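What follows is one chain in structure tokens, specifically the form predicted on its own.
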Amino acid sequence: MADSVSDATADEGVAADDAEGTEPEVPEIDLPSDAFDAVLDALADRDPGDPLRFEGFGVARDGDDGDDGDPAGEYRLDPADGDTQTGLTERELHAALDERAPEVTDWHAFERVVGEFGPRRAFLRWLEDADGATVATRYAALAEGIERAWGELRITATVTDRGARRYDVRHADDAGVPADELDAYDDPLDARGLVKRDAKGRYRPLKTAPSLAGGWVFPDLGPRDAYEAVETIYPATVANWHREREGELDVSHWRETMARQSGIYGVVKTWDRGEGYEHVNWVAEACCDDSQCLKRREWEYDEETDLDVDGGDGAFPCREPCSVVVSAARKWTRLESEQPRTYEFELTPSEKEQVEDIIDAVADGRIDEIREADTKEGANRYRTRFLRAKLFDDEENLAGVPTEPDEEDEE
């Protein structure tokens, strides 16, 4: 399931090259001094003859150290499809590597700038499909810009003429909008303010809800800052995505999560009274649908019992019931503890259907999409106000039936 995340977008340039069998047009790359110095440092830490591997060739120190213990200063280059070059001076090595600058800068970008393997490196490599395409193909695509989707984000990766990665991070709705027409930021921690409220200014308790407001851009981030911005906007999503890819996602199912609740949330444990798990299906259907959360639910009722509700199609996994689910379940626990009563109302068939339409529209968040003039819609505001005027009494009781009838009325 984790591999399906790579289908979020497709790089059209790479696809076209593969389809036509043509050589990608690799941009001109100048070997920067920091990349070359990183190669020398890496070679200094290796024994003579132990090669540093790049795509298509290897580089090693040639010969033993001198009498003073310093490297002999001669290097060798072993192309995979050519003759080995030996006895290279540092200057000659620099010239040879400058001819292979894309491969060297690619190594430098991930091994030295991004750092050791983990969620950050895996994510940044995934952005440019670094584990499934050659350096030449990727650099040609990066020159045009490789776009990837991550939740409601659109991330565009590019490469400079010195092989450095740069990233544009913005809301998907703002794809194609010039950066100078958006609010630009350069500090990834500024994203904390962007995720607090939706486009209408309402607080967002769930950071992975599909309600992220747009109108902003991080137009020129380096690899580490790009990762930090994404993790700030969608906390722990990359980390859990990576754990899932590595087969190490630790899932905490409903029953074990609820068993840990205490204090005011401990009441949720009383909801499970041995009558099955239908109530958890209701919770998952209400909270964990794609329309409500961008995560893909991986937790079930317990380790042996799957829920009947689909977990969604999100790119990143949800490993346990979140605080929003637990908080909602606490309220539903109390509501579901009430004893049912029988109420009698008289509704026309159209009024019954209208009540159903209103519930659906509120549950699906479609109220704002229904135009005031569209009275054909059951959840239309004027039509709903007419229903209220007709059916509510002065005490706002539906059809004049009180919610808590007097004891005399009950008798």
Partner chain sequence: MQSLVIVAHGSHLNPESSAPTYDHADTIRATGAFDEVKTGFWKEEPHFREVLRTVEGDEVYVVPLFVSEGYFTEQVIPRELRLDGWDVSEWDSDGLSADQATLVAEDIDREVHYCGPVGTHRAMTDVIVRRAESVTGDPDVGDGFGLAVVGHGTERNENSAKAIEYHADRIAERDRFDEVEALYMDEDPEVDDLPEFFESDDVVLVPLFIADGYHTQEDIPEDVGLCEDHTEGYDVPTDVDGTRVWYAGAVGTEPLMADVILERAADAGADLGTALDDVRETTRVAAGD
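Keep in mind that this is a model prediction, so the values were computed, not measured. Numbering follows the first chain given and starts at 1.
There is also a form predicted together with the partner chain; it is not shown, and the following applies to it.
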Region of this chain that lies against the partner chain in the model of the complex, out of 298-306, 147-155, 202-210, 98-106 [heavy atom, 4.5 Å]: 202-210
Quick check on this chain: which one of G263, P178, P340, G247 has a heavy atom within 4.5 Å of the partner chain in the model of the complex? G263
What is the one choice in E320, E111, D174, D129 with a heavy atom within 4.5 Å of the partner chain in the model of the complex? E320
Indicate whether the partner chain has at least one heavy atom within 4.5 Å of a heavy atom of R243 in the model of the complex. yes
Taking any heavy atom pair closer than or equal to 4.5 Å as contact, tell me whether E231 reaches the partner chain in the model of the complex. yes
Can you check whether A236 is within 4.5 Å of the partner chain in the model of the complex, heavy atom basis? yes
Can you check whether S252 is within 4.5 Å of the partner chain in the model of the complex, heavy atom basis? yes
Taking F117, R120 and S327 as the candidate spot, are all three within 4.5 angstroms of the partner chain in the model of the complex by heavy atoms? yes
Which residues within 182-201 place at least one heavy atom within 4.5 Å of the partner chain in the model of the complex? L189, R192, K196, R197
